[in-house]
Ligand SMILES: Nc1nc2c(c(=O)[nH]1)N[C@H]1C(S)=C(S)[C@@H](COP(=O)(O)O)O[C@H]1N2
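Only one chain comes next, encoded as structure tokens, the form predicted alone.
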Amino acid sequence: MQNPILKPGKKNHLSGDFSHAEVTLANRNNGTLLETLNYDVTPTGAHYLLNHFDVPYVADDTDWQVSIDGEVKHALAINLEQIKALATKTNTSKTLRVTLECAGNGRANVSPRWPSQPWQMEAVGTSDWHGMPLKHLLDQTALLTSCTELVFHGADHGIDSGQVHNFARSLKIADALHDDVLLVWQMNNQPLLPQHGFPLRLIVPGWYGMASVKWLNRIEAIDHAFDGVQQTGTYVYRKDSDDAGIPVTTIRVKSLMVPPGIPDWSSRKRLIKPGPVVLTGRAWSGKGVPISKVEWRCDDDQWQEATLHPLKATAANEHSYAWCKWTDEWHATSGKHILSCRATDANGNVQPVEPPWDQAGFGNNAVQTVEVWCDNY
């Protein structure tokens, strides 16, 4: 007789109030505070968080090992200190400022919605990630020509879709060997926090966050397509349950606005005074593609182009994967208004006004709307 915990129940789309299970997930996985979009780098404690299973307890990083096996000439087990020493010896340490976004960001704004982590728009954050390019560690193993994919296994363990497994994702060789795919041990100049993958994780810039496997403890070189739960069962764009789908990979173009004025405690609706109001926010896209334009509008007025403030790279930190700041001034008039913003990237991709449909609510990059009431107070 099958354990009822392992028997996946039938899921149906929901409308209206959030279920108890969704609220439980929301209490475990926090989004960023939209007012912290003012910061170039998200304060570490405000960076969005999505963990599928329990956070593994790691008391000390000195014994942490990563094994590399499968289609390699030299299997390897290496601890974190040895990885750091290799980075120093080969002068390959690297810091990248990367905007990460959860693939399910915006799911709660679609109706009917898929019952899962009920993100509205806050599942995004930008950090300085420090480590070494993955390819330099793989050089120590000599990948065989038969290897077509690398599977990254995390230490987090649980049940999803009725299957017990460790969280694992794969990348094709060409993607995995990119110069900017990093093994990281620092976030914002500090050791990784437990909930962010301490002591070692993967960062895949320009991809949705599911690719950046946390608590990395095994890299498996394989000669076939990986069919793990988190590779083929989830994180796939599907129109319906019968659709074979398209894998979720790189981030879609998107922008957000810092909600202006002051908030109502429970609804988060905004109150502002009439007159000039500075609007500000962030915009980003996948694959390191830059933002070419951000527009905003009040109610159904014409879109107005904002001023972009791209981050300037330094010798120690390259920013092509980080969000871009935008600003403009709005002359607010009395009454209720709806503010919106949308971004366009250098490839001509534009945020849609309406959410793109996906069965599980992945990749929703529809424009943000902010309800404000303008009055003298």
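The structure presented is a predicted model; accordingly, all values stated were derived computationally and were not measured. All residue numbers refer to positions in the sequence shown, first residue = 1.
Not on display, but discussed next: the form predicted together with the ligand.
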Tell me the stretch among 332 to 340, 347 to 355, 60 to 68, 41 to 49 that has any heavy atom within 4.5 angstroms of the ligand in the model of the complex. 41 to 49
Contact residue in the model of the complex, chosen from Arg252, Arg97, Arg107, His196 - any heavy atom within 4.5 Å of the ligand: His196
The one option of Pro205, Gly281, Gly154, Gly131 with any heavy atom within 4.5 Å of the ligand in the model of the complex is Gly154
Can we say Trp296, Cys298 and Lys325 each have a non-hydrogen atom within 4.5 Å of the ligand in the model of the complex? no
Looking at the partner-bound form in the model of the complex, is Tyr235 within 4.5 Å of the ligand by any heavy atom? yes
Is there a heavy atom of Met210 lying 4.5 Å or less from a heavy atom of the ligand in the model of the complex? yes
Does at least one non-hydrogen atom of Trp215 fall within 4.5 angstroms of the ligand in the model of the complex? yes
So in the model of the complex, does any heavy atom of Arg201 sit within 4.5 Å of the ligand? yes
